[in-house]
Ligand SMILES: Nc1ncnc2c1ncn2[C@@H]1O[C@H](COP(=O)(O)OP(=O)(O)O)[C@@H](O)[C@H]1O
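Take a look at this single chain in structure tokens; it is the form predicted alone.
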Amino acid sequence: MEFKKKTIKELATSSSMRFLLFGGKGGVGKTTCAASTAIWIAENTDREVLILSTDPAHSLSDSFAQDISGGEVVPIQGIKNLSGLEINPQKEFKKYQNSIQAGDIEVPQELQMFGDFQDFQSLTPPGSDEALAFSKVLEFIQTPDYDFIVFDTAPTGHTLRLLSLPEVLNSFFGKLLRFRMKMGQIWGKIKTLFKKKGAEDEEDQLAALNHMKEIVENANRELTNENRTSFIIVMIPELMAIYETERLLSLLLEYEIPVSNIFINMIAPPNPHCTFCQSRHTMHLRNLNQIREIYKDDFYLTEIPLYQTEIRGIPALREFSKFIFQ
């Protein structure tokens, strides 16, 4: 599937665009690019902007020089119309564990024969980080509170699992719904496992599953709509990053996630007075030529030089955004 090429400025100022996702290999500067882009959008449009990190190893707080690690949306100081959130899967899962410990989830008599169900509260299911992160993504896709959302995604491997979750969950819920129709009588006995104390007996679990399936389908529609969503790949001019970018691109195309921009970050400048520095510059130029040859016809390439100082805090991020939007 081919998507229409749009510059980052066209994406950021489009009235229909709502989601920008930044991703790539670890350590290539995704958070810096995402944070700078979010600042530019907040300061150059009249839209309410949220920047949201789905990376388990968050760095938004470091980037903004402001603590936003509490798992709640907080305003970014010094930038009007910009808020930030670092998703905290451990905190979300702790809420679930506490609900079991407090007895809010009632265990049916038929299942008590298998032992102490409370022991399960100490277990963290495989993939729970991605699942809980995606549940938050679903939540913010549904909310009308923000006009524009910038996602700072995890390194490529985690991102690909995150992108596959709508498809997996949709398939799972479809099968579960069909199973529910066939096993109606048995369902009546086990549905109390998912029901809090005091809930009405008429609570329709099938309706809840249908609702969740609709939410996942809606997320799929949003994430694959090139007028609403675009994925920005961030890379550096090194061979390993090129290979990682190829892998990420193939998966984005497989899941039909629109992508038209690649940021090439940390390009070493020339320095004939330093043998090591000049060697890095020569290597980067060689790889940069290869990147241009591979991607220039299909994607907008933004080339960003290596900074000699750390990019941290609003003034530095604002300055960095000039290279993105010039």
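Not measured: the values here are computed from a predicted model. One-based numbering along the sequence shown.
The protein also exists as the form predicted together with this ligand; that form is not presented, and the subsequent description refers to it.
A.B. asks: Does at least one non-hydrogen atom of L11 fall within 4.5 angstroms of this ligand in the model of the complex?
C.D. replies: No, no contact at 4.5 Å.
A.B. asks: Within 4.5 Å, heavy atoms only: does I304 come near this ligand in the model of the complex?
C.D. replies: Residue-level check for I304: yes, a contact with this ligand.
A.B. asks: Answer for S16 alone: is it within 4.5 Å of this ligand in the model of the complex, judged on heavy atom distances?
C.D. replies: S16 lies outside the contact set for this ligand.
A.B. asks: Taking 4.5 angstroms as the cut-off for heavy atoms, does I311 touch this ligand in the model of the complex?
C.D. replies: Yes.
A.B. asks: Within 4.5 Å, heavy atoms only, one stretch in 258 to 266, 274 to 282, 287 to 295, 66 to 74 touches this ligand in the model of the complex. Which?
C.D. replies: Correct option: 258 to 266.
A.B. asks: Could you list which residues of 26 to 54 come within 4.5 Å of this ligand in the model of the complex, counting heavy atoms only?
C.D. replies: Those in contact are G26, G27, V28, G29, K30, T31, T32.
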